[in-house]
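In the form predicted alone, a lone chain appears below as structure tokens.
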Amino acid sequence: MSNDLQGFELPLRLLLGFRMLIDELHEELARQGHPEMRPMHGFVFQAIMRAGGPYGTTAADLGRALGVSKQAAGKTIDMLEGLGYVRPGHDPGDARRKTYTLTPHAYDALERSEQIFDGLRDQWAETIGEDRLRAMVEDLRKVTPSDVFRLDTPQWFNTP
């Protein structure tokens, strides 16, 4: 192994790249009307869309998807509801089952995020070249799982 590329540098560089992209995303989201958005919110939005059925998701289902307790998921839901990103509802098949869905405000943040990520990707392509960026992503696809939505990732940092 070459001395100029030590083993610990790879995960740190990947994490720094992720952090830079997420920080730049949230700076731009704040400028575009979503100053309250935090990195965890994107994971929660994706989990609500993926874990929930047509009538939304429950706090328990959200907790399982995110790898957190039902109580922690409930606190997150309450905060997002207060910010206008989530609204409560009920499953018509079981009125006791309280569900949550995303609001138009949340979908706006997701649509803006997609556009901002496209712009950030273009900036990286300008910096390192389209071919090198494409090769990097293709190589990462070879060594990472095909499901890019590991929604428990934020909690994973706290796992003993």
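Given the structure is predicted, the values throughout are model-derived calculations rather than measurements. The numbering used is simple: start at 1 and walk along the sequence shown.
Just so you know, the form predicted together with the DNA exists too; it's not on screen, but the next bit is about it.
Comment: the DNA is not present in this chain, but in the predicted complex one of D94, E126, E111, D131 has a heavy atom within 4.5 Å of it, namely D94. Residue-level contacts in the predicted complex: of H105, R50, K70, R121, one residue has a heavy atom within 4.5 Å of the DNA, and it is K70.
The closest non-hydrogen atom of K75 lies within 4.5 Å of the DNA in the predicted complex. For A60, a non-hydrogen atom is located within 4.5 Å of the DNA in the predicted complex, even though that partner is not displayed.
In the predicted complex, the DNA lies farther than 4.5 Å from every heavy atom of H34. When the DNA is considered in the predicted complex, H26 lies well away from it, no heavy atom lying within 4.5 Å. Judged by heavy atoms within 4.5 Å of the DNA in the predicted complex, the contact stretch among the candidates 26-34, 111-119, 131-139, 51-59 is 51-59.
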